[in-house]
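Two forms, one chain: they're shown below as structure tokens, one block per form, named structure 1 and structure 2.
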Structure 1
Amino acid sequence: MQVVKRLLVKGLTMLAVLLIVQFLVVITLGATGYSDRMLEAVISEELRAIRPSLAETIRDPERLEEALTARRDELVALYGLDRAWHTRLPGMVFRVFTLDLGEAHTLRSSSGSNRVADIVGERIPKSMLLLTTSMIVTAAIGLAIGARLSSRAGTVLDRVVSSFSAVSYALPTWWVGILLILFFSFRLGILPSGGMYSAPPPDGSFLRFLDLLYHALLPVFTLVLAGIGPYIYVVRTISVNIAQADHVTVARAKGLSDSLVSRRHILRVAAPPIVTGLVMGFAGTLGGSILVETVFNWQGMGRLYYEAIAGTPDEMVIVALTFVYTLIYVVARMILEVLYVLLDPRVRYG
């Protein structure tokens, strides 16, 4: 009962976080005037597109301008620019919370749909492929090296890996991506510089999947290279502190092997904070994936966010993506709370 109450309180707290983030998005888009300028740009693009077709049927310049003005008034009313931002944007956020994501003004899905749900829905699996793969690789390497270093604190290897961790933490993902493209794509010519498929893509679903993995190598390597150092250091630091505990000393006195001591007596105790770093790092990687996906032209959520802001902005997509990113963070936090219950008996009985 105590655990259920704890999880319920955490769930309500995360819901409040979701509300606050969406509130800040409304303030940022509305109070700064960005939303109005965004919609004005959309209306101008639509008027510019229809002007040639109207000019073919309306020869009189004055009548042409009158028709364009009438069309502009219709678009202003359609997009709500005749109302103040604080009366227009809250309704949009409410629709997003009810998963009624509406329609995008400028962006389209690969099938041509302008529904935001379709646009975001086709991008999520592509981003998850990068993020989950990089997370698994980072976790496997970080746990193996970090736990091993905990029993070799102060050695040359420990100092080298610690220095690498500091460098890795300071590396901007976009800069790492550009360097990898220059080296592996342009100098060696062994990996593609961007995109998700070759041109033209191979025939057959299996060959297309292999081609997708081939194009994902550099983006995944970029995310791993930028995130592996801090994770190794976190695992190493936590493990070093636990390795000095009495129960570890007793285990070693019994003659247990280093691998068994690391696995059963160090990593098992260090699991909650290590899992916290891994899951929250996964949620935090979403911000870095915006830059990585843009550099590698990977058609995921990060690239979609860039497209929704750059060029002709699309406020509905921006609000929807912010909601999705925040929702992923909230889900990650709730997964952590459940994992705490499973990994740490003190949570169950505290």
Structure 2
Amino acid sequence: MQVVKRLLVKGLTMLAVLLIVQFLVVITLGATGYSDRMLEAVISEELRAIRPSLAETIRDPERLEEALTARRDELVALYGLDRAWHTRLPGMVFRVFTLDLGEAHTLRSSSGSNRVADIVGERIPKSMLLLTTSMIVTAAIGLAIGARLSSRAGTVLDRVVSSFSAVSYALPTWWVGILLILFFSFRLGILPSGGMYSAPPPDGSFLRFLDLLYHALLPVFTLVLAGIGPYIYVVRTISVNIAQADHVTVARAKGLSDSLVSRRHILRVAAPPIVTGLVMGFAGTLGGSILVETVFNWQGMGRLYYEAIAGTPDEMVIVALTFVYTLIYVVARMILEVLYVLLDPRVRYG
């Protein structure tokens, strides 16, 4: 069937994207010597760990060193450090995929673990919370306003909102966040300037949840504010185009009410290209969320980027983050592709 073929092609492309990003990351690490250093560190770590237990069985210091050196050689061979970095590629790619990237230098997860997988893993849901909430709010408001605007195309209101859309494309999302902190937190003092919870967080899960919402207000508002402009414009323009289509004239001639025509014959028909618009905006939202998390100290993956760069640089954390973000993007794209197919029967048959 057409739809299977279409989804398959898209799926393969997405998979290629993921793999290519991975290869790019791994090749860069190899070519700049990072992967060598990383493996050295891992080996040194292991040797340090087995030294005490070996020291108990081997008393003679010379023989102890010999045993450690032998072990080291084994490990070097095992990890492939004695070979050129490009021969280790497939293994490295696999490690990245499974987030088996060892330990971070200075960063720690909230449970105290310094394993990269733990540190990154616990941040994923927090980022997802921010991302999905802002995307849903943006989509909902964008649809509502964009649809309403399409019936008022060419009026003053339309032009004002369209100008705002154009300007909002030029706004750095994170700077808007800074402005909002300046105004609502510093000036008015009614909203928190950052963090996910108050310090100390309130007792009880319901209060904690409210506290979380309270802290999420500004970050979500920032993301929505920055993303909604272009989205409204896209919805409006697509709707305006479709509103001029023949089938809309027919629908009106049939005596259908304006709201029925708007819902069924304009918006519903505009849904597939609007979903495409969402797709195009998603990469931007993803990037924006990284910076917004930084500004608002939202303990998600984006903020982790900032912390990993600012502290003793934790390159493995950054590798893991790059991979996870690409993965999220790929998955979200596929979801939107499936949504598109469900919305537009033209790609299903014929």
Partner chain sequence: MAERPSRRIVKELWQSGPGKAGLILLALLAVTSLVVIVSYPRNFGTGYWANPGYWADNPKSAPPAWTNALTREKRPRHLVIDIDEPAVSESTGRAFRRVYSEKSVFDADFPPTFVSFSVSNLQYSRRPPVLTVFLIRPDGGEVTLARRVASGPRQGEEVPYVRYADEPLRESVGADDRVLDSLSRIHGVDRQSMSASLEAALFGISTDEGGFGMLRGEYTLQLEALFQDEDDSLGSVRFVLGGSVYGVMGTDALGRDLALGLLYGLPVALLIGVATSTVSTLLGMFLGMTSGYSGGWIDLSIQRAADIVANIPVLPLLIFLVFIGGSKLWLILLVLVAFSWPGLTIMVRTMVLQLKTGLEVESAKALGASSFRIVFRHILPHAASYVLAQLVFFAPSAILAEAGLSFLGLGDPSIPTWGQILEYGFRTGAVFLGYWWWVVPPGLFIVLTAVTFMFLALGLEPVVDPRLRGRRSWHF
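Here the structure is a predicted model, which is why all the values come from computation and not from measurement. C-alpha atoms forming the largest set that superposes within 1.5 Å between two forms make up the rigid core. Quick note, the numbers are simply positions in structure 1, starting from 1.
Visitor: Which depiction, structure 1 or structure 2, is to be taken as the form predicted alone?
Guide: Structure 1, which is the form predicted alone, differs in this respect from structure 2.
Visitor: Any chance the CA of residue 115 moves 2 angstroms or more between structure 1 and structure 2, core superposed?
Guide: Comparing the forms between structure 1 and structure 2, which are aligned on their rigid core, residue 115 does shift its C-alpha by 2 Å or more.
Visitor: With both forms fitted on the core, give yes or no for whether the Cα of residue 189 moves by 2 angstroms or more between structure 1 and structure 2.
Guide: After core superposition, the C-alpha of residue 189 moves less than 2 Å between structure 1 and structure 2.
Visitor: Once the two forms are fit on the core, has residue 297 moved its CA by at least 2 Å between structure 1 and structure 2?
Guide: Result for residue 297: no, shift under 2 Å.
Visitor: In Å, how far apart are the CA positions of residue 257 between structure 1 and structure 2 with the rigid core superposed?
Guide: C-alpha shift for residue 257: 2.8 Å.
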